[in-house]
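One chain comes next, on its own, written as structure tokens: the form predicted on its own.
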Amino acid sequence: MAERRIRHSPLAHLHLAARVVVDPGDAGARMSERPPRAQLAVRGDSGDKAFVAAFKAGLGFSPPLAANTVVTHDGLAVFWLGPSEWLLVGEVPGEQLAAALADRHHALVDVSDSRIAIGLSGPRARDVLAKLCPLDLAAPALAPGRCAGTILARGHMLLHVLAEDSYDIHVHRSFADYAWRMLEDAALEYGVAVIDGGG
């Protein structure tokens, strides 16, 4: 499963650590690079009660079964990506889950190096995102705690709504530089500050 090792950030060349401010002042948007986290892609039949039970046995809770929902528990977030696909991000007990699912039809793939997360928050965060994303960000389907696979400018993102004015934007590593620059450019008119991403 996911190995713990030093990973090179695809945003390292932007020297974001040197731009971090403790007090963002009146900046309407705050951006950060989230620390790397283990990620595991899971596939299985959500209509198979035995699969769902095995998933629960492996993690201690059932996978989210409704579209665009997220289950969080003890440092682990499980994102619904489709009727038969989930993404686990955080403290992933991969071997434990693999053992629980051993007798069920499933697929587990370590994708820890495939994506990074960019944090976007602040009073104008939604306005920034609205410039680049076609979704109605005020819709009930995107209430805090929900997720959506959608478009950021001309690329793909997995959007996790943390709060009304706080988002985690998961993008593929090859798209990270473009995503950061597009978000920062969209935020300029509101004032943008780089903050510590935590972890």
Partner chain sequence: MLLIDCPWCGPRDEVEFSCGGEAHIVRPPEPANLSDAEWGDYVFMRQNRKGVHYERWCHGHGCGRWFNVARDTVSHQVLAVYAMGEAPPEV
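Residue numbers count along the first chain shown, from 1. Predicted model, so just to flag it, every value in this text is computed and none were measured.
The following text describes the form predicted together with the partner chain, which does not appear among the structures shown.
Participant: So, in the predicted complex, is residue 84 in contact with the partner chain at a 4.5 angstroms heavy atom limit?
Facilitator: Output for residue 84 is yes: heavy atoms within 4.5 Å of the partner chain.
Participant: Hey, in the predicted complex, is residue 50 touching the partner chain, heavy atoms inside 4.5 Å?
Facilitator: It does not: once the partner chain is placed as it appears in the predicted complex, residue 50 has no heavy atom within 4.5 Å of it.
Participant: Even though the partner isn't displayed, in the predicted complex is residue 34 close enough to the partner chain, meaning a heavy atom within 4.5 Å?
Facilitator: Residue 34 lies outside the contact set for the partner chain.
Participant: Even though the partner isn't displayed, in the predicted complex is residue 134 close enough to the partner chain, meaning a heavy atom within 4.5 Å?
Facilitator: Judged by the heavy-atom cut-off of 4.5 Å, residue 134 is in contact with the partner chain in the predicted complex.
Participant: For the partner chain, considered in the predicted complex: do all three of 68, 80 and 149 come within 4.5 Å of it, counting heavy atoms only?
Facilitator: Contact check passed for all of 68, 80 and 149.
Participant: Within 4.5 Å of the partner chain in the predicted complex, counting heavy atoms only, one of 150-158, 52-60, 163-171, 23-31 shows up; tell me which.
Facilitator: After filtering at 4.5 Å, what remains is 150-158.
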